[in-house]
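Heads up, the chain below is alone and in the form predicted on its own; it's given as structure tokens.
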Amino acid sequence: MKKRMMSIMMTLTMAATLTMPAAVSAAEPVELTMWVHETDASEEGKLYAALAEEFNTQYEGQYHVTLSQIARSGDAGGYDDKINAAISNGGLPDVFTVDGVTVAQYADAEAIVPINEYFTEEELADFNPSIIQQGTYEDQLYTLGIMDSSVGLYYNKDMFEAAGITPATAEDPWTLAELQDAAAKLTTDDCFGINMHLDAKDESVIYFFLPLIYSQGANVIDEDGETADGFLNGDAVKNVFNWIKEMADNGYASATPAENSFELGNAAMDLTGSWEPGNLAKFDINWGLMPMPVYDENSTPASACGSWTFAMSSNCTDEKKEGAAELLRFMTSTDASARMYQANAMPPSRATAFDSIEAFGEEPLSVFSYQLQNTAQARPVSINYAILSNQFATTLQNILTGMDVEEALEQAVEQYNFQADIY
């Protein structure tokens, strides 16, 4: 059952008018506040700080933003905890960063407000389609992102050449049968065919494998983002988990992979995210990148996506909304998006940013550019996403430890329903 958390709107002090010589007056700039989830201890955090300073310079006399940088952590001082507390006590800033998978929760809680009216269709058309999908709840756009993410099949070029395997291309992905066949050929006594991070117990599980369900034209939850029965335990999900189980049972993928197994040559392929190239740079490995596979020859290509976004809070007064929208525009600009790639290696959120980064116009990263602009589908925009993600990950571990696939998924739906009712 939904429970809306109603934010208390704070009365903000209006900018005072200064008396100037010769009876000429000038208004103070509109003061804005912004919170982000990274401190200046990281390159990403340093970029947020730099962008805030540049905004103040560009809009001097018109708008001024005060930035607060709050690290994410598990203690009460963490970013997520501060946001949740601020929703309860009416202390939200005008603009703040929101993890893409929590958009529905914040929108449903009326902690953030729609931003459609502040952006033209032409502006929005430059964003990756999945960025718009991720930020939209009940047909209203609530957030825009500065960066994106993706998942692909990294492969050891030397092992592929020795086995006579031709890699898939962005436009022509492998089916799961083709991937399994390649993994079988590449599996040896001291090397798994693929590392799929099957020991994961977190949100990465649904992030990695959901595209295989999407590719079958199915989902793990209904269109309204609430009902899991018939979806989470549907045929498409069963197909994917049965395939994963078969890969593990045959020894093509490890249920308990060693750390850096692909990087160290103990796996010939690695199903993982767009953050991996930074890690690969630390190892001596000749690697390439293939797109996310599809379920079978009748399936439609689908790929993972999504990352942190910017939102306008419900505490932002009407007098400040134009300025807050301008801040959102500035923080998600083509320039900002391209610079974020330099800061943290995350793919950009905009087509024009992709065009400005040479690495995304050539292999291997052109795979991610293609996916994010053509096949990416956002994770479910649902207030119950956290419950869904947890049950998906739990199902994987239950299956790998011996539970029947159908039984594990029925249990996942039961747990989902129980927890969703409490919420």
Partner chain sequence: MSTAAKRKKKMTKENWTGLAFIAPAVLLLFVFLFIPFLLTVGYSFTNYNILKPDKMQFVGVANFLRLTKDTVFLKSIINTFVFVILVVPLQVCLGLGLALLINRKLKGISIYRLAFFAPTVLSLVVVSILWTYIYNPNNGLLNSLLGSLGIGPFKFLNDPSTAMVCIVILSAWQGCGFQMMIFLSGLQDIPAYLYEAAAVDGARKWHQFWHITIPGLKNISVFVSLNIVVSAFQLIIQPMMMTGGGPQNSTMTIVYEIYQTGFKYNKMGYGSAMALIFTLLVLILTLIQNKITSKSNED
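Numbering follows the first chain given and starts at 1. Treat the numbers as computed from the prediction; the structure is a model and nothing was measured.
Only in words, not in the display: the form predicted together with the partner chain, which the text now covers.
With the partner chain omitted here, the record of contacts in the predicted bound form names 98-106 of 121-129, 169-177, 98-106, 281-289, defined by a heavy atom within 4.5 Å. Contact between residue 258 and the partner chain in the predicted bound form is found at the 4.5 Å heavy atom cutoff. Contact annotation for residue 87: at least one heavy atom lies within 4.5 Å of the partner chain in the predicted bound form. Remark: residue 133 does not count among the residues lining the partner chain in the predicted bound form, judged by a heavy atom distance of 4.5 Å or less. For residue 386, a non-hydrogen atom is located within 4.5 Å of the partner chain in the predicted bound form, even though that partner is not displayed. In the predicted bound form, 192, 201 are the residues of 181-203 with at least one heavy atom within 4.5 Å of the partner chain, listed from first to last.
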